[in-house]
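Next up: just one chain, as structure tokens, the form predicted alone.
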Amino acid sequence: MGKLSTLILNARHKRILSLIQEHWFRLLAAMGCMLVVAASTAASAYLVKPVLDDIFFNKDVTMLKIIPVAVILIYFLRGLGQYGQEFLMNYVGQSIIKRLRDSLYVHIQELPVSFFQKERTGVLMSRITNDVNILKSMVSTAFTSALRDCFTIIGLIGVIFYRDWRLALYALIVLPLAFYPIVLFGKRIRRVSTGCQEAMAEMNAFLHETFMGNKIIKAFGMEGIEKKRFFEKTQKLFRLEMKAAMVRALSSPVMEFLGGLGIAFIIGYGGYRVITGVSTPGTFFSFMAAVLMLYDPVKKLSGLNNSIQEGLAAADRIFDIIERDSDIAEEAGAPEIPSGPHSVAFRKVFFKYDTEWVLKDINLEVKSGEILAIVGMSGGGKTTLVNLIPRFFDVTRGAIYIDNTDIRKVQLASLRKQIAIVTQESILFNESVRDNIAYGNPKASEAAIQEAAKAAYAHEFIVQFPKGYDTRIGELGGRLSGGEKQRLCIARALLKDAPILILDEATSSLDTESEMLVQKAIENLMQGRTTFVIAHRLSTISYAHRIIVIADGRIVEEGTHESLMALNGEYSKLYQMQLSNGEDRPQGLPRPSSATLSPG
């Protein structure tokens, strides 16, 4: 198991490196700039000897004129190099982060509905925002600084060996010891960073839930409890952040102490060589300056390694999503479903969530243009049945056919193009009314959009808005009433003009007046379409050509309203139960004539 985990991690790190390598030209230019910075740093240390020996001790006037000019040129080139490497590496880093963020969002969108049922929205948002931002710091900042510091270390090592190779060998004895804390602290910071990122994701999920449910929180007087829960989450994050801070804070003093040991040795041994005449003061101070400059980037590498480890921990969380396979597969070369009327058939269909069977041995044929109503007690499997048609889930056993073609054998996009859905939850976006209606058909003309709105009985209230069809409707349509939101959803389905229609309790949450308007809009929507209607109130489905009753995942009754009532079975019990509960019967729709049915 350990070897497998290592292989997975290595594969992920290689993927990040491959993304970096795609920008090889800018990387090469950035490395050239880093070399300029490293060379200028080494040159600064190198000039200490001629400054001391030639200017101060030998009083060489010519060198006094040359060296200041050389210093100005060195620092000018250093500034250009720093700007170039900073800009180029940030460009590379931001490009890679954009690629990863795009890939993450695209892959999440392609994952099945079951994935979203298991994952929390706030956690997914944290992967795209917080985790990717941490990775950005690694790629654009830590990686850049690590390369620059490595080049600087190489340049300075060259200077100290050139000045005094014997003293350099002694000085570098401490260097391997200095790298040990980098590795040690890096492993610790990666573990803690993973915990911090998970805690941040938990907090984002909590915030999303409590902000979306703020009305319920206020209605039940739970503000105090929710505040306490939030404080507990921030306390957990605080403890983890402090552990990470402790590791970061400890790494620098350890590096400082090890560096101090090396410098103390150099002062003692190097000073002895100057006193005995083996070396000159200029050589010693040039050597000393290079060593002091050398320990600084080595010390920085510890902090940079911490950032890199945090980034790798974030990369693991990102790739956990990107590498997750969808269980809704599409066959290579699958054909498209041609546009036009369609029949739908369920043949020996079984379905289960995990280990619980939800649908059992469903056999059902719905002709083109037929209106099928699906009723039953909550939890019986009604919504699951219709969710199998657009392949939000795949059947566990059996098959679903559209015009005698298994829906698993056709292109998924073309399958869903044939289906329009209106659900109990009016899912709208914080865009204009026009954009929401045209969501399934972005190229629709203004006239077509308004025609759909009129057919959905929405045009009248839309034109009363200050900006009409350009009015933004708020998050999830929060500025609209329930009936207005539902009519916009129906207008959206009308404009899509799909031959198969699914209505999942589209009127159950509405008042009687709104329901009557929505029912009229639904009548327009159903015309000529193969329609599946899940209804809570049985009085609203008397227009259906056929009604099926689902109980415990099975179809237990099937027929018209009149024939099912005559059976005095499950349907009759449900109907009588609703009447005894005092449910008002809204104005019903006329039942379509059987002549409107298209041949199967």
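Model, not experiment: these values are computed from the prediction. One rule holds for the numbers: they count along the sequence shown, beginning at 1.
The same protein also exists as the form predicted in complex with a small molecule; that form is not shown, yet it is the one meant from here on.
Among 278 to 286, 432 to 440, 354 to 362, 458 to 466, mark the stretch whose residues have heavy atoms within 4.5 Å of the small molecule in the predicted complex.
Only one stretch passes the 4.5 Å heavy-atom test: 354 to 362.
Go through Q197, Q309, T384, T152 and name the one with a heavy atom inside 4.5 Å of the small molecule in the predicted complex.
When the small molecule is considered in the predicted complex, the option within 4.5 Å is T384.
The single option of Q109, S378, S339, N404 touching the small molecule in the predicted complex, heavy atom within 4.5 Å
Comparing distances to the small molecule in the predicted complex, the residue within 4.5 Å is S378.
Should D394 be classed as touching the small molecule in the predicted complex when contacts are defined as heavy atoms within 4.5 Å?
It does not: once the small molecule is placed as it appears in the predicted complex, D394 has no heavy atom within 4.5 Å of it.
Partner proximity in the predicted complex: R546 to the small molecule, non-hydrogen atom cutoff 4.5 Å
No.
Is there any non-hydrogen atom of R537 lying within 4.5 Å of the small molecule in the predicted complex?
Result no; R537 lies far from the small molecule in the predicted complex.
Does the small molecule get within 4.5 angstroms of any non-hydrogen atom of Q235 in the predicted complex?
The answer is no: Q235 has no heavy atom within 4.5 Å of the small molecule.
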